[in-house]
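A single chain, nothing else alongside it, follows as structure tokens in the form predicted alone.
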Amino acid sequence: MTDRSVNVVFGGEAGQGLVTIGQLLAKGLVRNGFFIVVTQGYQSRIRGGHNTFSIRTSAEEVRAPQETIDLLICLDIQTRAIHGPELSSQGLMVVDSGWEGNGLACLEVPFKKLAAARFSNILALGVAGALIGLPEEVVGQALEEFFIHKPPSVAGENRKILKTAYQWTEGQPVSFPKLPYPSHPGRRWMMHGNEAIALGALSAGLKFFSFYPMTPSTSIALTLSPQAEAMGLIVEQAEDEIGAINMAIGASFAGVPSMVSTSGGGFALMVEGVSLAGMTETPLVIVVAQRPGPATGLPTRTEQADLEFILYAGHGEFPRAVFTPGSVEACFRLIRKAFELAELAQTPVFLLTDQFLADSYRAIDPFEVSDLSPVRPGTEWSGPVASYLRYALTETGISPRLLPGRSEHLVVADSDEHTEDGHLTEDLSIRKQMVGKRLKKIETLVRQVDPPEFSGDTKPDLLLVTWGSTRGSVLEAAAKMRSKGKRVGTLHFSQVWPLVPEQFMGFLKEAGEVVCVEGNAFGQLSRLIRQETGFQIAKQVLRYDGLPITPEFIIKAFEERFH
């Protein structure tokens, strides 16, 4: 435990309800004004296998997960063996009576004596809440809300077990530092990245969403589905990813803001559809939640190894934009921008996230939505009916987009090369004109690029460059290095394509040393920067073992390799 935060880890088998109790504890913390960073570790199986639900919490803002564990709640004996060695110097392990602590600080709880086996997880929740000093009433309220659709007796039984856990724990001769309370607790929401993407898409006017279930993207669909009727939204589970993306292209062609979501393996099936959207100039938002590959890889772990795949997916050449949010708030903001940009440039736009960010709950300030407006598909056409050309050659490459059936005009689209009025052609001179027209849209995309976020010391001795979900860990690692007297800056890319060198080359050239931090083995952002600018980032901190990059991982890499 540091003076700022405590890292609570629930460990057990799938099916023991550790996600439920983890969410309840996290909700109680957020309601009391605490900040949280949740990391979920689970295996690709329906039941069994070792899982964890980790909550790093503090009265001050925390941005990244922590590797050492302060409070380890063992719902099975395997958790003790795997994670016991990860306890911090002040850490405490909670185990069932008779398991022993293997020499580690340990609180043995008589689970079987205090409650029936089916209540073991609620008992563990109460012990954890009591140890960190979270009031029983707060956890109890979250518990009752969870069972609100069950008979009152169910919530009542669980409240009794929670009370038993608090009373028993408070009577034990064990000392665990209580969390210092926030001095000015504000009203915050508890939300993970995929929920923020879903809400951001709804605020942008999403009306058609198609998908095929694939971890870790599926919770976007699970968030959208309950809202479908109220929001006038169609949520369609397709027969596969090929069907999903082609459904969305069709809906978008008809004037319905559309989105698909998937993960790497599913996106591999969608690639032909990406080209179709590029050729037909159909606006489309595609969310790819990365996980380790190739093939099935580690289906429920995290990685940032699909950047190059997304950059070049599809045959032929056509413009695209790729956003890479670094926080839950950025997920909401950037998915909105993805919808706006897709409509503006009439082209596919990507939002690239990963399992860590997708599943990571945070305490966030409520989104201000009163001034937000949804995307309005299509354009008005005041010219003569006969002269409307869906693919008219323009200076920007962007043609007037009328929606079929909503005017007197005939709207023709074609996946083959086509003329300005949308009919197939093999006139090679027109082919060259149409390629040029589509590529002109890059200028529009470039004008809309989100510049990378710089923070820290100007002209630093060390500049840490990163993208996507590693933002929080890089910021915390840089802060720790600065506390030891080193001049450190950070540069985070929330959009990795197109790149505008004028936005960031100054930071790279002014730094004494530049190190890229990424969740892949190739250093894919480093390679992209070199390809586009000629600037070589010689040093990299790379992680590709399926776990998220942490501040400790970054600092340890510097200690072992660079100095």
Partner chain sequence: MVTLEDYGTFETAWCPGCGNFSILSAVKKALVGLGLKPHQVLLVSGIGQAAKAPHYIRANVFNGLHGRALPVATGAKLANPELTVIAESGDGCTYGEGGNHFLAAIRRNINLTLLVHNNQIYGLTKGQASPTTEEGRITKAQPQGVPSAPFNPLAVAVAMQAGFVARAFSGMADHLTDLIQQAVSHHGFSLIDILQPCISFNLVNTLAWYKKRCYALPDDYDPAQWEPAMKTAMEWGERIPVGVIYRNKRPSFEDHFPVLKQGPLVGRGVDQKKVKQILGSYA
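Because the structure is predicted, anything quoted here is derived from the model rather than measured. Positions refer to the first chain, counted from 1.
The following text describes the form predicted together with the partner chain, which does not appear among the structures shown.
For the options Phe119, Trp168, Phe309, Trp189, the one in contact with the partner chain in the predicted complex, meaning a heavy atom within 4.5 Å, is Trp189. Here is the short version: of Phe367, Trp99, Phe454, Phe318, the single residue with a heavy atom within 4.5 Å of the partner chain in the predicted complex is Phe367.
Residues placing heavy atoms within 4.5 Å of the partner chain in the predicted complex fall in a single listed stretch, namely 253-261, out of 253-261, 155-163, 69-77, 432-440. Using a 4.5 angstroms limit between non-hydrogen atoms, Glu272 touches the partner chain in the predicted complex. Shown alone here, Gln237 lies within 4.5 Å of the partner chain in the predicted complex, counting heavy atoms only.
The partner chain in the predicted complex is not approached by Arg487, whose heavy atoms all lie more than 4.5 angstroms from it. Contact check for Ala230: a heavy atom falls within 4.5 Å of the partner chain in the predicted complex. For the candidate spot formed by Pro294, Ala342 and Asn520, no residue has a non-hydrogen atom within 4.5 angstroms of the partner chain in the predicted complex. In sequence order, Leu403, Pro404, Gly405, Arg406, Ser407, Glu408, His409, Leu410, Val411, Val412, Ala413, Asp414, Ser415, Asp416 are the residues of 400-417 having a heavy atom within 4.5 Å of the partner chain in the predicted complex; the partner itself is omitted from this view.
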